[in-house]
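Read the single chain below, which is given as structure tokens and is the form predicted on its own.
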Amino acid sequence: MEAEAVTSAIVDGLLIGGAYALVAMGLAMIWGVMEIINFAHGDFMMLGALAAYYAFTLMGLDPLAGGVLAFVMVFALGVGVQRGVINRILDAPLLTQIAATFAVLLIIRYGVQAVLGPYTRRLVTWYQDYYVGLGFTTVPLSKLLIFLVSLVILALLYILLNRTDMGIAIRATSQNRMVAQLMGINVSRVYDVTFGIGVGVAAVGGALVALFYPIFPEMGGFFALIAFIAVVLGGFGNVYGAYVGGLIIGVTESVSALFIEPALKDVVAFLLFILIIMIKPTGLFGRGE
């Protein structure tokens, strides 16, 4: 195996890992602050892909701008779901929380099927097949855009969490909800913003993934599974760890496809996940042992 092929696979893995990271960061943020496992996360991502698709086909809006629109729409929907469903089960048993978010998944997924049909849609732009040279290799412009956007969103989340009053409130609530309330923090508002941003970032991921991935009602299932693994790899609730976890999975899949059947590349990522869980159950950047 030539070193150039391996290096190209690593670059490609980093780019697709950026898409995984976009979905995983929102999931990690929701878990880290609210301690809710959002099983509907992938379906919020699917809504983002659909929003970008219809913004492009009906209004001619580029998917990059469509991603902004998708964020706004899914953020508003996420706040509604948080107030109507999540807020009522925060102190419920884990099984109840899982059942509730799974019900949200079913409502979104089959609601979309009922309204728009079970069809597969494709978003075709002028740069769909455009490649960019990166030194010794070339990469699809669409994947490069996703990676760059993932870096921008990672930076924005860092600024939000570390340089704003809302970020301080979010971090305080994640550490101790009761103490945060006693300090005068509006915890309900923090949860609204956290859940809205979490699913909104996933929607941006969906809008950009639509550049190279077919859009259909069940598309979020695979990405949600990958996001769960990335969150566990990076450490539960660690947004930055989830980003790194997404990149690791992307590179693992891409490089392993050089040596085994590409259809089995996901198996290698799952094996890596099991290995890290066995060695360090709290994840690579998790707190405590």
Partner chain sequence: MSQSRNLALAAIVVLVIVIVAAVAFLRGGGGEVSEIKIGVILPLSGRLAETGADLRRGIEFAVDEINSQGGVKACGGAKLTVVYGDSAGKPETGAAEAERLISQEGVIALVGAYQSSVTKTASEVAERYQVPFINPDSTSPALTERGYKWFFRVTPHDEMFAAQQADFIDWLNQKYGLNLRTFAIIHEDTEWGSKVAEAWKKYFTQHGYTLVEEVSYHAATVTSLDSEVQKLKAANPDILLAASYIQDAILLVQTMKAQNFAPKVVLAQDAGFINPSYVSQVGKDGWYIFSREVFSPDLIDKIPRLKEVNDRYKKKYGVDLNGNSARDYTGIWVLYYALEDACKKASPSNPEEFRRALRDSLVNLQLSPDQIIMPWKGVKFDEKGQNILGQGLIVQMFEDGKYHVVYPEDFAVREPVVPFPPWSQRG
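Positions refer to the first chain, counted from 1. Values in this document were obtained by computation on a predicted structure and should not be read as measured data.
Only in words, not in the display: the form predicted together with the partner chain, which the text now covers.
Pick from Arg83, Arg189, Arg121, Arg171: which has a non-hydrogen atom within 4.5 Å of the partner chain in the predicted bound form? In short, Arg121.
Exercise: Leu58 in contact with the partner chain in the predicted bound form, heavy atom 4.5 Å: No, Leu58 is distant from the partner.
Any of the heavy atoms of Gly167 lying within 4.5 Å of the partner chain in the predicted bound form? Taking the distances in the predicted bound form, the answer for Gly167 is no, it never comes within 4.5 Å of the partner chain.
Residue-level contact is defined here as any heavy atom of the residue lying within 4.5 Å of the partner chain in the predicted bound form; does Tyr131 satisfy this criterion? Flag for Tyr131 set to yes.
Would Ile260 count as a contact of the partner chain in the predicted bound form, using a 4.5 angstroms cut-off between non-hydrogen atoms? Ile260 belongs to the contact set for the partner chain.
Name the stretch, out of 94-102, 192-200, 213-221, 70-78, where some heavy atom lies within 4.5 Å of the partner chain in the predicted bound form. So the stretch in question is 213-221.
Could you pull out the residues of 6-30 that have any heavy atom within 4.5 Å of the partner chain in the predicted bound form? Ser8, Asp12, Ile16, Tyr20, in sequence order.
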